[in-house]
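Listed next as structure tokens is one chain, alone, in the form predicted on its own.
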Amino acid sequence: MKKLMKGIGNWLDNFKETSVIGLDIGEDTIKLTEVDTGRGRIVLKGLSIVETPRGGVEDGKLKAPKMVAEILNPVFEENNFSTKQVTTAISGEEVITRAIEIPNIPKEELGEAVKWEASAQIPIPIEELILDYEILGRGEDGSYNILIIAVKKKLIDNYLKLFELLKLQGVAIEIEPIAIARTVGKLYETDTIGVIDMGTKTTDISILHKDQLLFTRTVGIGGIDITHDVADSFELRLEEAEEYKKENNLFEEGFTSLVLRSLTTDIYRSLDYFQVKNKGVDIKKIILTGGGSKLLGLDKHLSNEFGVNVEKLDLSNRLTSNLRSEEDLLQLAPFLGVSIGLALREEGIV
């Protein structure tokens, strides 16, 4: 969605440098990347990962811009990022999306039609939201298939404040599934591909078709929920449960987890809903990303459940860098999907 969040202000389109920093602010860590592309590869020329300050982000929301800025200012002083331009992403849980159909009307009237539909379907006063939309396709009768995106203005204001404190030039604020879609679209040559982005507290399920995001849904289950489940089942402290989860294949051990069962069901229902609404568009592959995707055996488990090839995000064959070893890049790959996608924005992908 090339124009996502343009409503923040025209100043977002005023900068002409081709390089931008992808800033992914998560519950646990903040990832910053800067990339070059060419000859079918992504060159990582800037990378920094720092811990998110406690209280800086809560439930996916940037709560304390000043606190986060205090952590990030030294990062920009110590690292050789070549630009002051930045893009960032909002958690899918903080974004309201609605797929709607609008009759065949003049294209210049779509904006008002979308606003009217949003006011009817979204349970938040329209004046409190920033709205955007994407045309997903046209019906045989000329009707428009539209994806509405809405975000609370107050949330956007916190990101703008952070840019100001860091003395950075904001290029765009997107939703995480869009950034992930851009990374996957760059790395995989598959017409229709699913993406499961498993974070600390939430999981985003998205479908990308020919470099266009057709569907996204966020469920309120993430890696921390599985950790709590392991802790309860094996009577471990939370820290011990996290280590146990990293070192053992829970699926091979026959671990019975209501959390994993619920997550699998939610993902299946999302994929099934997409297939019902988009007959003839078959999902060929599913990519796992995010910190939670490192769970041993999750890819094989989901492949068996869905009957579709599920694999972890692989950056090894397209990503190069003299900043980290190949082994480090392999370990970091699940965490970099969003920030790399944000850094790729200037290429106009998705």
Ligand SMILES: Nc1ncnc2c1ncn2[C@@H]1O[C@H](COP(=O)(O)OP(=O)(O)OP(=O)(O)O)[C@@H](O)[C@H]1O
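All of these numbers come straight from a predicted model, not from anything done at the bench. Quick note: we count residues from 1 along the sequence shown, nothing fancier.
Omitted from view is the form predicted together with the named molecule, to which the following refers.
- Contact here is defined as any heavy atom lying within 4.5 Å of the named molecule in the model of the complex, and by that definition each of 26, 245 and 291 is a contact residue.
- With the partner left out here, the named molecule still marks one of 294-302, 63-71, 319-327, 279-287 in the model of the complex; by a 4.5 Å heavy atom cut-off that stretch is 294-302.
- Contact check for residue 262: no non-hydrogen atom falls within 4.5 Å of the named molecule in the model of the complex.
- The closest heavy atom approach of residue 198 to the named molecule in the model of the complex falls within 4.5 Å.
- Taking the partner from the other structure, the named molecule in the model of the complex has a heavy atom within 4.5 Å of a heavy atom of residue 224.
- Taking the partner from elsewhere, residue 176 is found to have a heavy atom lying within 4.5 Å of the named molecule in the model of the complex.
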